[in-house]
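Only one chain is shown below, in structure tokens, and it's the form predicted alone.
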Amino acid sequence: MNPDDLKYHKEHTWVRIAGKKGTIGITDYAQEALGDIVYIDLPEVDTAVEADSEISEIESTKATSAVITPLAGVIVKVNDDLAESPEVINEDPYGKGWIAVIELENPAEAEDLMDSSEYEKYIEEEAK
């Protein structure tokens, strides 16, 4: 089950909004599809990002996949622990496996993202 306090993007990323900041990671569905994660190319702090753009890449034993930011803003923090232990994304995608924090350009944009029940339906549709 996906946490209810997050917003979800069609590219299987999530954002947890706190004020004007958004913490971004990949969903449980995404990490499961990727398999064992062996490397993540973390984004650079102070990088301006547009919504729906790639902020990093994750390599797994199966594939390499882009991490797409659901919202626009400036990256203010990255999860440096992932450089040494990228498998944390597999173990705890909604907690310790977060990837980056952005200072949101427009927090209201989050209203256009899916809530957990909409995301569940989206996954079911995509699986058909």
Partner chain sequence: MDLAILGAGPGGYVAAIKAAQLGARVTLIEDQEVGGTCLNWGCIPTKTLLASTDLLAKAREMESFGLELQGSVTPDMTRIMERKNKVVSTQVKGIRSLLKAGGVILKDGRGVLTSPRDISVAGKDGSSYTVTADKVIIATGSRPAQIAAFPFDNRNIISSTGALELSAIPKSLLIVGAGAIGCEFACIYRELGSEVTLVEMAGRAVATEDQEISALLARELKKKKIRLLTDVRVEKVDVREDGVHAFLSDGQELAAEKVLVSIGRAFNSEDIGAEALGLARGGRGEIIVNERLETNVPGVYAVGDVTGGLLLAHVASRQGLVAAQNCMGAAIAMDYRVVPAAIFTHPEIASVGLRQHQAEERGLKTRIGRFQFRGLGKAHAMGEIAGFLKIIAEEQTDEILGAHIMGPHASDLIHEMAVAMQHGLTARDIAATIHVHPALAEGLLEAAEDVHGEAVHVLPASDR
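Please read these numbers as outputs of a predicted model, since none were measured by experiment. Numbering follows the first chain given and starts at 1.
Form predicted in complex with the partner chain: not shown, discussed below.
Participant: Examine Asp46 and determine whether its closest non-hydrogen atom to the partner chain in the predicted complex is within 4.5 angstroms.
Facilitator: No, Asp46 stays farther than 4.5 Å from the partner chain in the predicted complex.
Participant: Quick one: does Glu84 come within 4.5 Å of the partner chain in the predicted complex, counting heavy atoms only?
Facilitator: Contact check for Glu84: yes, within 4.5 Å of the partner chain in the predicted complex.
Participant: Flag Glu59 as yes or no: does it have a non-hydrogen atom within 4.5 angstroms of any non-hydrogen atom of the partner chain in the predicted complex?
Facilitator: Heavy-atom contact with the partner chain at 4.5 Å: present for Glu59.
Participant: In the predicted complex, does Asp92 come within 4.5 Å of the partner chain, counting heavy atoms only?
Facilitator: Asp92 lies outside the contact set for the partner chain.
Participant: Which one of Val74, Leu42, Val88, Ala51 is close to the partner chain in the predicted complex, taking close to mean a heavy atom within 4.5 Å?
Facilitator: Of Val74, Leu42, Val88, Ala51, the residue with a heavy atom within 4.5 Å of the partner chain in the predicted complex is Leu42.
Participant: Going by the partner chain in the predicted complex, which residues of 63-84 come within 4.5 Å of it through any heavy atom?
Facilitator: Those in contact are Ala63, Thr64, Ser65, Glu84.
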